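Heads up, the chain shows up twice below as structure tokens, two forms, tagged structure 1 and structure 2.
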Structure 1
Amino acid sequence: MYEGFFSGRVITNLFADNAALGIAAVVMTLVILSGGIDLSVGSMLGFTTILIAVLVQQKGMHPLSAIAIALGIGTVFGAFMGFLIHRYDLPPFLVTLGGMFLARGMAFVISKESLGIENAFYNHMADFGIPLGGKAALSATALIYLLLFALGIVVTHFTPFGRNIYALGGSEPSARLMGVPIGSTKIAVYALSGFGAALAGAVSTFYTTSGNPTTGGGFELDVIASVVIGGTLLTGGVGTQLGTLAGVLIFGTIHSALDFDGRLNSYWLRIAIGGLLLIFILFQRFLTRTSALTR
């Protein structure tokens, strides 16, 4: 039943199929590490896909120019939410919830229906692959994800900005006393989240060669679940990018296993992820209490 499940081709496809999820999870890790949350990533992904599709297919714009515009809008959108959160001391949950509805509404303003993309650049991207032996090849979407993941590790764990994020998530009052630039760090984190969601949307258009204003429904929950399953505390200050990679691969592996089985419906993916999420949250709670008792 699962013959060939652990082949090189399936493993490389695991990265390609979950590239959008992985890209959004890299930046969501930064958001959660800082003690925040971003519920707008799914809507921003959908907005980006339909924006790029309209600019390329109907306006005749080069895909790279369209992607650059989408990334710029996503970055500004995220930075604006970060500004509201910091300037007016608003809960990230509520601000990004508003951002979720706003981005989804903007997607439907652009187009109410899905739109296919027929472009030579997209054909080249679909055909691109770095051979790894046998039938395995690293696709363009997988390569983009892995490059962003490597960059995420450097930023999170080896830069002053990353240390500021950990300090902010650990304790904002303590971080302020330590001289951490609270405002600029928060704004930068949400700007990166908007950029990552837009990039995930651009990668999604490579994968589907289309744009759809409804794309990304529930996507933010998959992203948050992957980050939490990877060991990042929802309270902030604890977590790693390697853990998030593991969470994304766990999510993708369960999905692939269901596809290989062929007898189980897709809702079993939700059941499995929900069960894992509850287990990891309880485990995190246990570790937090144990750590508090040993101090």
Structure 2
Amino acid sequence: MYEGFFSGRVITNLFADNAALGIAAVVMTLVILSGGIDLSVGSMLGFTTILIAVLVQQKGMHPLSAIAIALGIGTVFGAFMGFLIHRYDLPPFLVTLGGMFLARGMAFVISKESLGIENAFYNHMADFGIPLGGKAALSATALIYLLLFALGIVVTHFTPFGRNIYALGGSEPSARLMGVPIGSTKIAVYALSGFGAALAGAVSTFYTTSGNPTTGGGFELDVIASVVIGGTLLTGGVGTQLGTLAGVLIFGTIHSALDFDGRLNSYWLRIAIGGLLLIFILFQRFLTRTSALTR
């Protein structure tokens, strides 16, 4: 229908453009599988971008050390939320909502304005690409996403940690009786989520070569939606990383297709996004009907 829509370039763009979403979705899948939720990822992404920008641009730090610091903060931040959730038996929704506000406020404390990053390393990253023939090339951000996705598959589906997450999300009391280390699993899941959000932030700085304290508003909903579109149940215990990949690509494709069309006005665009989501969801329901019935 659209000339040039299915070119290799559009496909690689799909991965590069949705790298931040995809990375956050890989870890969000773990959180949701464990029966939890993390609303702080959008703010954490915004916090990370401005932190990295300030460290590189104003403190003269090497981007890699700045990213390492940001990833460290993200992980500790997530682990602390996980600690609160586990130790005091608090609802993840509220704790991570608190985290969402805290990270957003801290982002503004670091800088109220967006800040561009001018750095040789960043230029290098932006121009980096593994040629795939034709005009298509795999960019650094797409590569990071694909690597993390591969890692996500291994962790989720082929390690004891992954099995513990499924057990925890399936039923916490049963998991406890089975001897699953509830506390360390939960804390690790949220720590990973914080790490993933920070990594998504770092990837976002590659994408834009800038930091912006306001970025990532509503991002958490996009991430959760992608995971759930991919068939993961919000109640925990059911879902796969492959499904999440499909969810991310569906979400990304809807936007790309509508951008490619370019005839819709703002209002019809929103209606079309909703309509396409509905069609995909109904389609997915239809495909998984049998497995759902046996549940």
Partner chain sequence: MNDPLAKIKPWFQGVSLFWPVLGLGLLLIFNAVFSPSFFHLEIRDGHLYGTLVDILNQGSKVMLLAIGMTLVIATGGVDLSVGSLMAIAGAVAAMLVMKISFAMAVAISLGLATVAGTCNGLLIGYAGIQPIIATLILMVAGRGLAMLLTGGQIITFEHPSFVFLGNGHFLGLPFTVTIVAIVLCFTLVATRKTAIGLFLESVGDNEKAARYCGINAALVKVMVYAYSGLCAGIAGLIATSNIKAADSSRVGEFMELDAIFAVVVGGTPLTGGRFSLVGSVIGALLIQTLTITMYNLGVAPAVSPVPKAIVIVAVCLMQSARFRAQILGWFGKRRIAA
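Think of the rigid core as the biggest set of C-alphas that the two forms share within 1.5 Å after superposition. Structure 1's sequence is the ruler for residue numbers, which start at 1. Worth saying up front: this structure is predicted, and the values here are computed from it rather than measured.
J.: Does the form predicted alone correspond to structure 1 or to structure 2?
T.: Structure 1 is the matching one, since it is the form predicted alone.
J.: Comparing between structure 1 and structure 2 on the rigid core: C-alpha of residue 14 shifted by 2 Å or more?
T.: False for residue 14: its C-alpha shift is below 2 Å.
J.: For residue 275, what C-alpha shift in Å results between structure 1 and structure 2 following superposition on the rigid core?
T.: Its alpha carbon moves by 5.1 Å.
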